[in-house]
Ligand SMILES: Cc1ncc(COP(=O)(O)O)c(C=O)c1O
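Read the single chain below, which is given as structure tokens and is the form predicted alone.
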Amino acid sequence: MPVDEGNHIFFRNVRRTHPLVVRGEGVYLYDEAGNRYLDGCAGALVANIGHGVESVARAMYEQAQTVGFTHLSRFASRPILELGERVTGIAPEGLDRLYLVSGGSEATESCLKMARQYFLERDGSSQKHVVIARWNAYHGNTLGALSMSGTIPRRRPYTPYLLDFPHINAPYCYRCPYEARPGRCGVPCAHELEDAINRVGAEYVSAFIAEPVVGAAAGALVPPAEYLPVIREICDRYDVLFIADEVMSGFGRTGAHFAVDHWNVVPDMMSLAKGMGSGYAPLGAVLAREEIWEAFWRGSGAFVHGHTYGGNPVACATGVAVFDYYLEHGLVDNSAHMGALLMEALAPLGDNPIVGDVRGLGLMIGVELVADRATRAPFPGGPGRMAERATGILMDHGVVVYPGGGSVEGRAGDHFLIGPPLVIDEGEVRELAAAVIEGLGALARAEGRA
């Protein structure tokens, strides 16, 4: 039976009933009624190595038997040291220091504070504190992270609490505000950063934060090839730290260890989570350049920030086991290969009248739904309404996707993410694509548009 209002849990959506999941195996989830779902979004693009991996469960058990908790302000543990070695071993060159937290919002919030304190440690009286971010971006739900986020529906209820950080346009080529053509546009969306820095004053700007591939807020927006190199050059010129939010795109999701690797751009900090623990334990981190760490070493010696479960031994032992599985099973290459196959298999969506765009990189694919393909007009009725309908219909077809909305000026827009576990094989890719095509066909017919 679905979970209903008779329980005591305050769910995110208090009106929705939830199937009761009893088991996960590989790319599949099974509910109490015996229904099987292909987890086409790895939860929230989290379960990168799939469900039910025995070696990870064993590592969690063994660490919990040894020591379940120590506070990182007083003790180190072997799992945190091993995790630091593994993650920095695949990181872009120069990102040599790992600051551990419990999840994505904590990671981006830590980046915000680390950037501010870095300039204080380096220059003493620095006024640099403003973080420039982008619209159609999501960086987390804590107030600092939400202040940096540019997803208007998530911001709107809490606007009185938010910091007044400036935002620029994201590289949303399907709805380019400049009506430019990708590859020939000169990336004005990237050059907006320089304009924003000059408006604020470079002496006040500490950092620029961006998802290399936009995730939940707009559905797998992939920037033009020259975008991130231009961003890197602007940040260098104005002494602004570049924070790459790889919470969703990291650890093989886009067919590279990290999405920035596709453009050979090295940020100053990266926020990590989701695939780092693959959902088996809450785990996140900030990867920082060595010179940032050195400023703290030469300065006060202490980062004035922390969370109780940062560096939790069980979570970090989980991360080590997840990481080893990720490398041993070649999941970066599998993501690239299966992602290309999935994009090819989804090609028939081009004939669906309510599908405006299919885009992505690796196994991070976005589908944007529109009321009119010719004009790209979004569906009426509020942001995400049609994406939620699509999600429900696709669950009836045995596939779970990750819905979103509000990418059209925060008032409209529907999209969903497809991001299955990176262990998916060719047969499962074809099963996933067939279900999505069939389900969206049923939705188009229900809307009277087929």
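Just so it is clear, the model here is predicted, and its values are computed rather than measured. A residue's number is simply how far along the shown sequence it sits, counting from 1.
What comes next is about the form predicted in complex with the named molecule, which is not displayed.
Novice: Can you check whether residue 366 is within 4.5 Å of the named molecule in the model of the complex, heavy atom basis?
Specialist: Taking the distances in the model of the complex, the answer for residue 366 is no, it never comes within 4.5 Å of the named molecule.
Novice: Can any non-hydrogen atom of residue 267 be found within 4.5 angstroms of the named molecule in the model of the complex?
Specialist: Answer no; every heavy atom of residue 267 is more than 4.5 Å from the named molecule in the model of the complex.
Novice: Would residue 206 sit within 4.5 Å of the named molecule in the model of the complex, counting heavy atoms only?
Specialist: Looking in the model of the complex, residue contacts with the named molecule do not include residue 206, since no heavy atom lies within 4.5 Å.
Novice: Applying a 4.5 Å heavy atom distance criterion, does residue 151 contact the named molecule in the model of the complex?
Specialist: No, no contact at 4.5 Å.
Novice: Looking at heavy atoms inside 4.5 Å, which stretch does the named molecule contact in the model of the complex, given the options 93-101, 132-140, 230-238, 302-310?
Specialist: Stretch 132-140 is the one.
Novice: Have a look at 322, 83, 247, 111 for me and say which one sits with a heavy atom within 4.5 Å of the named molecule in the model of the complex.
Specialist: Going through each option in turn, the one that passes is 247.
Novice: Among 105, 318, 117, 147, which has at least one heavy atom within 4.5 Å of the named molecule in the model of the complex?
Specialist: Contact residue from the list: 105.
Novice: So which residues in 270-309, when you check the named molecule in the model of the complex, have a heavy atom no farther than 4.5 Å from it?
Specialist: Only 274 sits within 4.5 Å of the partner.
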